[in-house]
Structures are given as C-alpha cells and as structure tokens.
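Just one chain follows, in the form predicted alone, and it is written as structure tokens.
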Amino acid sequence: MSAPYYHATGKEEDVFEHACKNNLPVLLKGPTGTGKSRFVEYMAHRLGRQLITISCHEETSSTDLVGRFLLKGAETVWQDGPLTAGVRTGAIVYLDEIAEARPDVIVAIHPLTDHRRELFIDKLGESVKAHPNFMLVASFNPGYQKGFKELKPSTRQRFVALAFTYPAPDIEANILVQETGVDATDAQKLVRIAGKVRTLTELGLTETVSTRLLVDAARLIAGGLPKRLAVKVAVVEPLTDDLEPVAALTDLCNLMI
C-alpha cells in the first residue's frame, strides 16, 4: 500500500517521530481542513504502525472508546472499545476533534497521557498498561471551539502540541496538483481564491476556505466540471447558508477563476 500524500511544512515529522519514541502524546491544533488527519495517516504509514481513528462528536462517551458488555445469546460478553484495543495492541489511536466529545472521555484518557500510561476500565475493575508502542494523538480546532468545548489547560499541557495552518501558496498549489491531477494554472487560481477569501473577515464566516475544500474543487475541475460551478459547489456553498455572503463570494470567485 502506497503512503498517503503529505507535504511537510515544517519539522512536524521529526517532532512526531521523537514524541513516538519517547511515549509522549501529541495534540494537533489548527483550522478544519489543514491536513491534521492526513498527517496522522502519513506518519502511521511511515512508522509502520496500525492507526485507529475515532471521530469525536458531542455524543461520544468514554464507553464508546473503552468498551461495553454485550449480550451474545444467553451470555454477557465484554467487548473492548477502539481505545482499549489500541492500548492493548500498541496502535496509534487518533481522537479527531477531541474537544467535541463528552467530558468523561477526557477523564478516561488522562492516565494515558502521563507517566502511568494506563487505561482504567471501571466496569471490569481493571487497569490496562499501555503496550510499549501505543501512542495517543488528538486534534482540535481552537478557532472554532467556544465555551464548554474549549480544552482545559490541565488537558492541553499533557500533550506535545503541533500547530497546523494553511500551507504557503506554492505548497498548497502543489498539494492540489499531486492530489487531483488538476492543471497547475488552475491550482494556482484556486489557491489565490482561498488566499483572498481568508482575508475577508467582514463576511463573518465561522470557517474559511480550507485546503480540503480546494482539493474537492480541484478534483471536480480535473474531472471536467466547469470551473466556476466547481468552485461554487465545493468552496462557496459549504462555507455559509446566508444568501448575501454566498452571492458576494460567488462573484469574487467568478472573477478570479
């Protein structure tokens, strides 16, 4: 299996490898669509480790991660959750958007992020020592999280942290070409559009144009969809439902593409 494509923008590969060797958990922070998940996939492949990804949301509980008793016929059988399985086998466990999860998830991972490196399973009355190769990675978007969804300092300070942002224009254009096969000129135009939209604070967008959205647009263009339509459906419409900003962004993109 070929490695997932990832273009390093700094020393993040070295930091990840050293954290892995030293049994340190890693926190990836940055806007949506800046390559955090792709980076973890790439590093797991590079290190030859199994990757278990858990996409957190507001209903994600510690039970979902640790495990639960299930009825099988007339028996009640314990089944490990994905976090417990990773702790036992030495996988890289990636908690994507960890701040979205319920507070009991944070409580469950704390003993895994310090010198103890263990997971307590209260329903079994058992503590599982982490496999030597186990690594915990989490991500969150500090620009989006508000109020109760903000990670507490007591949690953040348990991790080595890597900040992700949008790549430099030439790197971002190269990512689009490598990912989708789109023409380099069209890739550069898409990147210029993103650069412009990212400066438009007056539109009050919750999120701005991510590299992920640009990849989607580039893929549609490379597949033959008209450029303006591709940009509208893959870049403009996902950003907002408000009609005035949609119209303004559509006009801007049409001029630039």
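Don't overthink the numbering: it's just position in the shown sequence, from 1. Note that the coordinates shown come from a computational prediction; the quantities given were computed from them, not determined experimentally.
What follows is about the form predicted in complex with adenosine-5'-diphosphate (ADP), which we do not show.
With adenosine-5'-diphosphate (ADP) left out of view, choose which of 32, 50, 53, 61 has a non-hydrogen atom within 4.5 angstroms of it in the model of the complex. Comparing distances to adenosine-5'-diphosphate (ADP) in the model of the complex, the residue within 4.5 Å is 32.
Does the 4.5 Å heavy atom contact test between residue 26 and adenosine-5'-diphosphate (ADP) in the model of the complex come out positive? Outside the cut-off, so no.
Is residue 215 close to adenosine-5'-diphosphate (ADP) in the model of the complex, meaning a heavy atom pair under 4.5 Å apart or at it? Residue 215: contacts adenosine-5'-diphosphate (ADP) in the model of the complex.
Taking the shortest heavy atom distance, is residue 92 within 4.5 Å of adenosine-5'-diphosphate (ADP) in the model of the complex? So residue 92 does not count as contacting adenosine-5'-diphosphate (ADP).
Taking any heavy atom pair closer than or equal to 4.5 Å as contact, tell me whether residue 173 reaches adenosine-5'-diphosphate (ADP) in the model of the complex. No - in the model of the complex, heavy atoms of residue 173 and adenosine-5'-diphosphate (ADP) never come within 4.5 Å of each other.
Counting any heavy atom within 4.5 Å as contact, can you tell me which stretch out of 226-234, 194-202, 36-44, 65-73 lines adenosine-5'-diphosphate (ADP) in the model of the complex? In the other structure, the partner sits against 36-44.
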